[in-house]
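Single chain ahead, written as structure tokens, the form predicted on its own.
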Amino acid sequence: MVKGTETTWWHSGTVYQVYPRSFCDSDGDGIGDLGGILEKVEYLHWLGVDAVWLSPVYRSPQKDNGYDISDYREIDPTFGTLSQVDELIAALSQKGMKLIMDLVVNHTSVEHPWFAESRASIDSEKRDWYIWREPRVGTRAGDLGAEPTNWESYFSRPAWTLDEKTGEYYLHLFSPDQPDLNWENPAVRQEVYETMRWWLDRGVGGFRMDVINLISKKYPLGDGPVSVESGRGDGREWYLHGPRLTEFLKEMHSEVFAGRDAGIVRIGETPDVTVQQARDLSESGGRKLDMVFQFEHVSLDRARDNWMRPVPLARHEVYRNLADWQDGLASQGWNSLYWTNHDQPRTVSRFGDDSPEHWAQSAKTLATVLYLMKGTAFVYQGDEIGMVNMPFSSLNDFDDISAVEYSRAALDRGRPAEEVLRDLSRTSRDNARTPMQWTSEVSAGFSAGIPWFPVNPSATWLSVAAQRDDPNSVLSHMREVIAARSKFDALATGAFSDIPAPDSRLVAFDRTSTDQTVRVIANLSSEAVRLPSLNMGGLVEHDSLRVGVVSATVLGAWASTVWISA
């Protein structure tokens, strides 16, 4: 809590995302697990985070690394046991931290018992738990173009798959192994709410809700505009921020969260959300969400109709977008501050400069600029040490289902393999899923066995061990940034004010509360830039948050500086 304000822990808090498969392996099988996370609780406490967001560890066939769930109340043996989750909740709580579970309820796995029963027969009691449709009028099941709509899924395939036994198609906005639940069915919603209550009763501190703004579809479903590249339709008009989304979230609040600890957090992943929608969804007291993950800043370097194809990006455009969201949610709503997560490439390789000369400076500066904005900070594992993208050399190097499907579709359309490799090297989710680099030893201290995915060769020089005792390291700087968020009132709830800079490579902003001002000035380029004249009266430079060489007139490459009122 911040003195003198009506806040809760996340206003000044930092959430650390753990991707369990790649975090720490405790049993030597090459796959990260709950035992490994338990071993690192002390590290997370030392880092200074307030909560740990755990990517899915539920029982799953692992077709999408756990985002295809077959049982919401069981832990997949790959990761450990339910009792270890209980142990983790207790261990984190003892250190003043919370556990946030990933809630994936737009879809399940095809191996979930609900779907097995749903597909068993057209007359099944659970048939309407998923979204089934007959073939398009005038076609036969299995014919080319017989799918009920022309949509393409997020994973480069038709969004409908034929169930040959019943002769109908089921909807899946992601993989065919991830059928969409039918939220129009009250029984489905009640099962979801019961599961959420079950986890909250075990002591979890909230949920990050995966693609939650896809749960309400617009009926009757129709075709979308056709992409020249894929030949399939864009169905977002029919499933993004659907007509009953607000109703469903308010019902969820009443059924699950009402009467519970106000510190329980509801984080909504909301692709393609607009500022106004985000304001509405995260309005204080609005009984919907506490904050949203918006995707605009991580879409600026992607083709509009293909999130796996990169396009050129000027760095100042990213800051401009983030500043616009600060303004948009200034009086209503709340921002989630993140550079990367399990679905995005590494921050310093994407938005910074991962060359040996500028790697550390750019990692520090990007952390300073983002995490001193207004909102809840989200740090993805490895970003605190500035981990970089993987140097992929072949299309066979990729494991993630979205990369594999993108490669297949692109090659089928005749694109050269070297172009596809170039795309995926920059955009693939596999960049974020390489094992955590704890040490420079074999397997980077991640596992005593052979890691499930190759370790990034940068581990020989880039690791927690190499940085932990270095006061000038990226890790030490990240600790200082995290600490500052809780130390200074202006950074918790203070207003954000952009300061226009005459050079697009420079960014500057103030965070101001009733009695305090924090000013951030940064050079988002790999060249030194002349500083504009800024009135620094009454402000004192914060030594620990100063990055790079700063003179009276010049800000060095990827340099940043933070000034705070005395």
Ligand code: NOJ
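Remember, it's a predicted structure, so these values are computed and weren't measured experimentally. Just count from 1 along the sequence shown to find any residue number.
The form predicted in complex with the named molecule is left out here; the points below concern that form.
- At least one heavy atom of residue 104 is located within 4.5 Å of the named molecule in the model of the complex.
- The closest heavy atom approach of residue 446 to the named molecule in the model of the complex falls outside 4.5 Å.
- Of the heavy atoms in residue 112, none are within 4.5 Å of the named molecule in the model of the complex.
- The shortest heavy atom separation between residue 50 and the named molecule in the model of the complex exceeds 4.5 Å.
- Residues of just one listed stretch (235-243, 162-170, 104-112, 374-382) have heavy atoms within 4.5 Å of the named molecule in the model of the complex: 104-112.
- Proximity to the named molecule in the model of the complex, taken as a non-hydrogen atom within 4.5 angstroms, holds for one residue of 147, 280, 423, 210, which is 210.
- With the partner omitted here, the residue from 309, 358, 429, 189 that has a non-hydrogen atom within 4.5 angstroms of the named molecule in the model of the complex is 429.
- Residues are counted as partner-facing when one of their heavy atoms sits within 4.5 Å of the named molecule in the model of the complex; in 159-183 these are 174, 178, in sequence order.
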